[in-house]
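Read the single chain below, which is given as structure tokens and is the form predicted alone.
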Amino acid sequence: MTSSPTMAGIAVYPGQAGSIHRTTLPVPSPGPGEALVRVRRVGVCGTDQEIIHGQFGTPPPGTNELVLGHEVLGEVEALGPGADGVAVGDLVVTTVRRPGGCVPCVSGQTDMCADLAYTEYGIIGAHGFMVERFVMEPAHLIRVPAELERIGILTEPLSVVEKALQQAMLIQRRIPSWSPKTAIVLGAGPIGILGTLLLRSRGLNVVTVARRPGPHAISRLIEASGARYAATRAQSLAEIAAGLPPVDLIFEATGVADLAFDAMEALGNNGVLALLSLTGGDETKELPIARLNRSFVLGNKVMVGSVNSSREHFEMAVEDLGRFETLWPGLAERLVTRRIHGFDDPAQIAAEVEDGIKTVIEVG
């Protein structure tokens, strides 16, 4: 009797800090209508680190471990019977969320799930992509051109800001003359930097705000796109905003609840504040609620939460990665500041890196 082939992966026991470990899983085979994808690289993001630290995460039914990873670039290796839409050899990324039973999910907008009963690969109820291979229906796979192979791993985080910008533009259809010119991006992690590049590629004047004064690798990357870098340790957000024309758009991507509410006061009339980060804990703050209310009502301002993304946003992200390469050749790849080879050292994946932006695991 021969044993089934196995493959390596990286998993945690959700809720147990420091439980990251190398695991072994069966090598999957594509069933009818499925594609077998060989993983080339997997991105490590803040969500992965929070799961590693035991803050959240849910294993699939029937197991107590969760394979990590929701940012993936792979190559289609084989197709099951009846699978179409991709071809063997295609480079692909995949969407992350799968639907619950609410009306938005059933209609194809899983990123707008109303009852929060979805599953997410590597996060909630489904094993992720820190493995050597996985199977997926082609409807959830998005092709990446070969010339974007080195930066295709950025598609998923870029899709998050693609959705946020789309939502802002949809909201502002209420003002046909709205043409945003000035934006603030709060946070200089991967989401903040990609948001900066996206807005700069649309011609906006952008100030990206983080805590630590430059110059350093992050500030230089941001400035190379034509944006300005500012630090809250040197100036408050209110002082930064006071030196700008009316701020039309703010992306908040800090994970700091305090700054999210400070952004409400920095926003200009007819502006949109998009909240993109999740904030843990039960922090409270005294707010000037009467002044904020007057400002939002009289100024027709909008604050909107935006999370996850759908296939269309992934497709937009792939297109914009190509645009970034045209505008700033090689700049997007500078987000990848650490490459880990293989799954042999899980502790290395969990380690924080000074001045790091994006860690990528090179798998195949």
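This structure is a prediction, so every number in the text was calculated from the model and none was measured. For every residue, the number given is its place in the sequence shown, counted from 1.
We do not show the form predicted together with a further copy of the same chain, though everything after this point is about it.
Chemist: Heavy atoms within 4.5 Å of a further copy of the same chain in the predicted bound form: which stretch in 182-190, 202-210, 253-261, 70-78 meets that?
Modeler: Selected stretch: 253-261.
Chemist: State yes or no: in the predicted bound form, is some non-hydrogen atom of N293 no more than 4.5 angstroms from a non-hydrogen atom of a further copy of the same chain?
Modeler: Contact with a further copy of the same chain, yes.
Chemist: Quick check on V27: any heavy atom within 4.5 Å of a further copy of the same chain in the predicted bound form?
Modeler: V27 lies outside the contact set for a further copy of the same chain.
Chemist: Can you check whether V131 is within 4.5 Å of a further copy of the same chain in the predicted bound form, heavy atom basis?
Modeler: V131: no, not in contact with a further copy of the same chain in the predicted bound form.
Chemist: Taking heavy atoms and a 4.5 Å cut-off, does G305 contact a further copy of the same chain in the predicted bound form?
Modeler: Looking in the predicted bound form, residue contacts with a further copy of the same chain include G305, since a heavy atom lies within 4.5 Å.
Chemist: Name the single residue among G281, G89, P215, G82 that comes within 4.5 Å of a further copy of the same chain in the predicted bound form, judging by heavy atoms.
Modeler: Spelling it out, the residue with a heavy atom inside the cut-off is G281.
Chemist: May I ask you to choose, among A146, A224, A238, L287, the residue with a heavy atom within 4.5 Å of a further copy of the same chain in the predicted bound form?
Modeler: In short, L287.
Chemist: For the stretch 165-184, return the residues whose heavy atoms include at least one within 4.5 Å of a further copy of the same chain in the predicted bound form, in the order they occur.
Modeler: Counting only heavy atoms within 4.5 Å of a further copy of the same chain in the predicted bound form, the contacting residues of 165-184 are Q167, L170, I171, R173, R174, I175, P176, S177.
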